[in-house]
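This document starts with one chain, in the form predicted alone, laid out as structure tokens.
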């Protein structure tokens, strides 16, 4: 029994604007119904990649296959309107002269716009039933994005592209809308690519995350793997807060750092040496009093320091401790930190660190 071909396949894709390539040799496959987030900083090439998939840019080389059809390649080119791809742009881009029904219906073939019940069905799906005659300027930001989504879904595309669609919404509304959109797309089994610079957004709703940097995809993995097992130091730095410590000495599966002897994950043992960094997430550190160790840790796995700053976020807090050798480390704890600025504390390492070659050396 043969498995179904991927809905989207990119092979050695190179895309530019006439000068140096912006997307460099990207290969990626996305299965039917999968939700993949393309995550990267500004200038990483993620939006250029999305524009090439949509058909707005012609690749320099490589190929793009959608639902088994080559839409871009050395001898193939299918224009955007014939790729059967839906696109939700960053600002929604609704037509101000059309009402909600007109905007949604615009995504349908002309002959179906007035006779189809699809528009009503879609507006009910996105929670906007009864607003058919409303104008875009009468809608909230979240409602406008739902209309843009309904318009993109109207022709039942093989692939949906979301170009940072939640970035213009305020924080609370952003979480609400993206959660609703994700649930709807999962229910419809719509194959989706989300382009975003927001790490929390990518990690919280994607099935897999493709991290881009300088035009290349550095890692494609499950969200938890991208966070807990980043393939490069640049990914570790970009996705979440990070504590970086130079390695002073190593033995077996541990490395000597400012926090004492730190266990290192087995897969990273070849990387530890005199020119290496070990990295820990702030939640892998804990604070205890100078007289208490806890967690079964020995004094060799702790370091003494002074609390320098506390950032309280309600659900957790991030405490900066200045170690005795001058190294600052960040410690994340649930709720309040339980300490005050100026307190003397010990920092305890829990779990294993990742190790990477030091890029400065």
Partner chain sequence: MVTAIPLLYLVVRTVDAGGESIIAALWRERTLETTVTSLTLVLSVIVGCLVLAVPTAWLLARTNLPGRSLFLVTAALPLAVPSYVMAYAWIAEFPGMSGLWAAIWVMSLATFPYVAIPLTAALRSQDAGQEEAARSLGLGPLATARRVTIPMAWPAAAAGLLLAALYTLSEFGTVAIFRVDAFTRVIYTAYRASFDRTSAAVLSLLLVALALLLVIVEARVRGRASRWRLGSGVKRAVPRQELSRGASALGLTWMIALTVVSLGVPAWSLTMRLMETRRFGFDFTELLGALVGSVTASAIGAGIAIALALPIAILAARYTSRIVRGIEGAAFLGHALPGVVVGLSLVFLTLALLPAAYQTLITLAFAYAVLFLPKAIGASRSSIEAVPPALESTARSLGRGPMRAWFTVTGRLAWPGIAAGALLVLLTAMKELPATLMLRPTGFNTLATELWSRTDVEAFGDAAPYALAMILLASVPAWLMGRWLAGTPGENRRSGTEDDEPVHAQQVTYVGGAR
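Positions refer to the first chain, counted from 1. Owing to the predicted nature of the structure, the values given are computational and were not obtained by experimental measurement.
Keep in mind that the form predicted together with the partner chain is not shown, yet the notes after this line are about it.
Although the partner is absent here, residue 142 sits far enough away that none of its heavy atoms falls within 4.5 Å of the partner chain in the predicted complex. The partner chain is not shown here, but in the predicted complex it comes within 4.5 Å of a heavy atom of residue 56. With a 4.5 Å cutoff on heavy atoms, residue 74 does not count as touching the partner chain in the predicted complex; it lies far away. Proximity of residue 110 to the partner chain in the predicted complex falls within the 4.5 Å heavy atom cutoff.
The partner is not drawn, yet in the predicted complex one stretch among 120-128, 186-194, 200-208, 147-155 has residues with heavy atoms inside 4.5 Å of the partner chain: 147-155. The partner is absent here; in the predicted complex, the one residue of 94, 239, 247, 181 having a heavy atom within 4.5 Å of the partner chain is 94. Note on contacts: among 259, 277, 85, 264, the single residue with a heavy atom within 4.5 Å of the partner chain in the predicted complex is 85. Using a 4.5 angstroms heavy atom cutoff to the partner chain in the predicted complex, all of 51, 79 and 136 count as contacting.
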